[in-house]
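Shown here is one chain on its own, the form predicted on its own, set out as structure tokens.
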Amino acid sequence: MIGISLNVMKTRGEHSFSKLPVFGARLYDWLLFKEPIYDGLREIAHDLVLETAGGNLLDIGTGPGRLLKEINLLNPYLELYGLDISASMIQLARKNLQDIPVNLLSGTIRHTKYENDFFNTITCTGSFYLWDYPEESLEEIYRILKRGHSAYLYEVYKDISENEYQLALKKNLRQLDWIRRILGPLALRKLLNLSYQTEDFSRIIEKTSFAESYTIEKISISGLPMWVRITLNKNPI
């Protein structure tokens, strides 16, 4: 029909994850809860605990809550919060974290009900690339982060060294069962295809209040050279 247009934004993945069934959440958790994949979560937890002296910590895209569990093992005095757009993931996280005091909510980081300057530390692992409104979401992180504190995003980047990645992947696959040997590389390739180029992270961040106070560092997690650690600092006035 002439004169009629649909103003529909193509989602990067938020819509799909918001509708994730319970079976999908359990399958994700099953894939994750296995060495050397799970080793990566321990690496991130250790890194975060070193950066967080005390107070509270928010994990965005917390999924089944495995990262929060590892953080609690390292520092049981931290007050933990988890946020995920998938109600199924939050349901599973409540089960996985039933013996840990934690505040879990289903929702998007684009709009939250947390108070201004509330969190000592904010983190996100492998979900930034799915945000449909990354600039607005980073502004919300800036709002709820305490002044003089930092957020840490651990994300896959697209412009990897393919040779280094393949060598590291082959080494990791030797430690997995045959099902994960098949599904793992497929999932990682899809993740890489959907992820940002390194320069895209800077382009997005520089449109936000973190523009003058961030760093991007290429790192390996679980031995895989496909990750960046993005540090976003909220400077004190």
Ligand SMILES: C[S@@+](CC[C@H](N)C(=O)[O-])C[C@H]1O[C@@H](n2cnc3c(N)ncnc32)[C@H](O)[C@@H]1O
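All residue numbers refer to positions in the sequence shown, first residue = 1. Since the model is a prediction, treat every value here as computed from it, not as a measurement.
The same protein has a further form, the form predicted together with the ligand, not shown here; the description that follows concerns it.
Three-residue candidate spot Thr52, Tyr81 and Ser150; no residue lies within 4.5 angstroms of the ligand in the predicted complex by any non-hydrogen atom. Of the residues Trp131, Tyr157, Tyr142, Tyr114, just one reaches the ligand in the predicted complex with a heavy atom at 4.5 Å or closer; this is Trp131. For the candidate set Ile71, Ile109, Ile122, Ala93, a heavy atom within 4.5 Å of the ligand in the predicted complex is found for exactly one residue, namely Ile109.
Of the candidate stretches 142 to 150, 95 to 103, 157 to 165, 122 to 130, only 122 to 130 has residues whose heavy atoms lie within 4.5 Å of the ligand in the predicted complex. Heavy atoms of Phe17 reach within 4.5 Å of the ligand in the predicted complex, making it an interface residue. At least one heavy atom of Met89 is located within 4.5 Å of the ligand in the predicted complex. When contacts are judged by a 4.5 Å heavy atom cut-off, Tyr28 counts as touching the ligand in the predicted complex. In the predicted complex, the ligand lies within 4.5 Å of some heavy atom of Leu41.
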